[in-house]
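Shown here is one chain on its own, the form predicted alone, set out as structure tokens.
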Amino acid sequence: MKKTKRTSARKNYKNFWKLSQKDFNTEYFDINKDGELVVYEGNYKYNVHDLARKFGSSVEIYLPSILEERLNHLFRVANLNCKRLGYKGKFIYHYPMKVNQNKEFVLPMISEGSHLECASANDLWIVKKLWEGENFSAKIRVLCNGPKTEQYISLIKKLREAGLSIIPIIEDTEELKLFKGFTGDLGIRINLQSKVKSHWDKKIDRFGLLQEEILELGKIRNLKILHYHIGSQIEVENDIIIALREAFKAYQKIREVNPTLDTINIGGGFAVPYEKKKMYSVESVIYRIFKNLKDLSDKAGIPHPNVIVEWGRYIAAPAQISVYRVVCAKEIPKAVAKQWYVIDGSFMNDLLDTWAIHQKWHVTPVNNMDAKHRHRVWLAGLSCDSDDKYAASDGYLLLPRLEDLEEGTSQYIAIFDTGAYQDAFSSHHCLLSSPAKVVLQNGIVTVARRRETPDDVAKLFGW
């Protein structure tokens, strides 16, 4: 009877913290009998509380297995729907390196069959290093987006001459002139008129060309890909399909002039349920993409186009959590929250999207997850900036009371889905150190990046 009650209580806490739920990308996380956060890698289990105490905080905890499983699931869903619908085009995934350029993220993507997308000359320099080290299969393909500097263009041409399958995506008419005589395939970016509800919902998009402008260019040598990108963290599933249908109409017209065109690149934008609220599923979106493209292609009497997606946030974000220790609490008079919990890190430095786009995160305790009493709190970072703070959409977070802790123990918290963008955005406001990074793979814990010392940080500023 006691065991049944204990199991039931643990299940209630697990549901309260929204763990072990596929719809929320937390299927690998659970609570152990001691009320601590654990994460699974197949049959391996890691205790996050133990890791935080062993390696110190702040610390980023990364699981390549989650990254790999999400990519492979995407491939399985795409292949299943192609067979189900009789879709003849290919499905291709390109990992956008800007999402997370860390070696620990990029290499597993390549090993699981991902192609790459670059947004700058420095992104492409990393690709060059891999290519020269013979780390690539000859089948890999690299797309080059973003404004093309002289350095960027020169590197694209050199890698093309060296035998890499590399495709520059043309952003404007001046770029097209710069690639005159380019012997490889080209892509072109279209600026769609469809507007979506997302993190990137701009009235005017500075990237790409309008449909009319592309048609005025006439025949473009070796045009292979029509690319678009309508937003980041797209909130409504139907917006993805509306944009796709507009893009296909343009694709059909452009293909009449450019018969080499055979691929639509949907770009990124697939959303992550950061706040653990139900959203659309990859199964539903993939089915609707292929169903719409098949119906439209068959009606137009043209071959089914190949489909590229660059859903980097969807793949990378859930593969990492960031862990912090609560260093102190401070009372808040006359507010919805009762206390500030100050963490040993910084939102403005480590998780810049909190400040830049008001990103909301899923936050749970790492220990004392089964605490019966919780405070309404706001979180604050260690910098001296008043914007270095966080509160959930409800206006507060519910976390265990510090006064209930055993003497000599600390409260740790985990912030989920931090694998996308945050490392590249990180800074050193108030000269705070970046978190350490540990990798959990095959039951082994490896330190990928040690925590910066004061000397490390000072050197970045010339000291």
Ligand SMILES: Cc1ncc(COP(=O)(O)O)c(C=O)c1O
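Please read all numbers here as calculations on a predicted model, not as lab measurements. Numbering starts at 1 and follows the sequence shown.
The same protein has a further form, the form predicted together with the ligand, not shown here; the description that follows concerns it.
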Exercise for the section: Using a 4.5 Å heavy atom cut-off, indicate which stretch of 356-364, 221-229, 389-397, 322-330 touches the ligand in the predicted bound form. Expected result: 221-229
Problem - Touches the ligand in the predicted bound form: Gly345 (any heavy atom, 4.5 Å) - result: no
Practice task
Answer with yes or no whether Val99 is in contact with the ligand in the predicted bound form, where contact means some heavy atom within 4.5 Å.
Solution key: yes
Problem - Contact label in the predicted bound form: Phe105 to the ligand, heavy atom within 4.5 Å - result: no
Exercise for the section: Give a yes or no for Gly269: in the predicted bound form, does one of its heavy atoms lie within 4.5 Å of a heavy atom belonging to the ligand? Expected result: yes
Handout entry: Selected contact from Pro305, Pro168, Gly312, Gly381, since only one has a non-hydrogen atom within 4.5 angstroms of the ligand in the predicted bound form
Key = Gly312
Exercise for the section: Name the single residue among Tyr421, Tyr46, Phe55, Tyr28 that comes within 4.5 Å of the ligand in the predicted bound form, judging by heavy atoms. Expected result: Tyr421
Problem - Any residue of 107-126 that, in the predicted bound form, places a heavy atom within 4.5 Å of the ligand - result: Glu117
